[in-house]
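Quick heads-up: it's one chain on its own, the form predicted alone, in structure tokens.
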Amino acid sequence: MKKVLIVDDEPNIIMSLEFLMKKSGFEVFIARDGSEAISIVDNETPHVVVLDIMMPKVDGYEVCKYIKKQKGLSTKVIFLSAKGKESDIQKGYDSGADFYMTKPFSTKNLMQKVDELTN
């Protein structure tokens, strides 16, 4: 079963994405801050991480850099953020993101991207 880690500090986004991912057959893990995300990445090796940027403790950019530095880890990172300026998006890709999507977002487009990155 493909594993997805959802990292966000907004409960409504977590609940809706968790429901969608499980309905699509993914094993879902949840983190509400960057530190928790790093711990789950180390223990569960998710296939895809859907990652917010503005979070408590460790921001999404740092989490992404951490994931991409892990040897032998092929985890894909999708940023899902309200930060929509060109410089924010560029910083996301510079930190190693595989895809960047701004909030508000289309759940259909997000699921298509998750499917694409896990196949």
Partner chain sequence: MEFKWLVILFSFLYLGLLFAIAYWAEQNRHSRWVNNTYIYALSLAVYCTAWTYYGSVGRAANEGLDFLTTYIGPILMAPLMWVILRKIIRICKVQRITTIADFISTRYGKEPFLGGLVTIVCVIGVLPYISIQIKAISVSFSTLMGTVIYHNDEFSFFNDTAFYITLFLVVFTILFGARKVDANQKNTGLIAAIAFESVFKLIAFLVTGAYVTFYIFNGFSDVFTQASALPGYAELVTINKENGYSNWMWLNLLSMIAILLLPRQFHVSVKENCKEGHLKKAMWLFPLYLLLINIFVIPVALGGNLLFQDKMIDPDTYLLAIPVSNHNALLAMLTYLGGLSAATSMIIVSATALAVMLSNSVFMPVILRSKRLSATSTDNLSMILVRSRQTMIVLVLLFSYLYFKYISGQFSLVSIGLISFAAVAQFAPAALLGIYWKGATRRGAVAGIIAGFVIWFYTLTVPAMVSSNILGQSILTEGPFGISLLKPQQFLGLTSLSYINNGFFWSLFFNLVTFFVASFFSVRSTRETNQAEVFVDIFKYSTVYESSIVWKGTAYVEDIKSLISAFLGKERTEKAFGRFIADNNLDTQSAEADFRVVNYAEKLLSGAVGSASAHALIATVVKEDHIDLSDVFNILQESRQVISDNKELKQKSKELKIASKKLRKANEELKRLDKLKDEFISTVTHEMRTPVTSIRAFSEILSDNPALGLEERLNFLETITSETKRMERLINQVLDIEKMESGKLKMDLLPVQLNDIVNDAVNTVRQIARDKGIKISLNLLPGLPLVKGNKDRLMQVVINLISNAIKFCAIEQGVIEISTNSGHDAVKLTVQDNGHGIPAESQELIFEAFYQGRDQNLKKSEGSGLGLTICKKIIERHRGKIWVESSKNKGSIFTFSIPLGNLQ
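Residue numbers count along the first chain shown, from 1. Since we're looking at a predicted model, the values are computed, not measured.
The form predicted in complex with the partner chain exists for this protein as well; it is not shown, and the discussion that follows is about that form.
Using a 4.5 Å cutoff between non-hydrogen atoms, Gly25 does not count as a contact of the partner chain in the model of the complex.
Within 4.5 Å of some heavy atom of the partner chain in the model of the complex lies at least one heavy atom of Val58. By the criterion of a heavy atom within 4.5 Å, Leu73 is excluded from the residues contacting the partner chain in the model of the complex. Contact between Ala31 and the partner chain in the model of the complex is not found at the 4.5 Å heavy atom cutoff. Contact annotation for the candidate site: Ser16, Ile53 and Phe105 all lie close to the partner chain in the model of the complex (heavy atom within 4.5 Å). Residues from 24 to 42 do not approach the partner chain in the model of the complex: none has a non-hydrogen atom within 4.5 Å of it.
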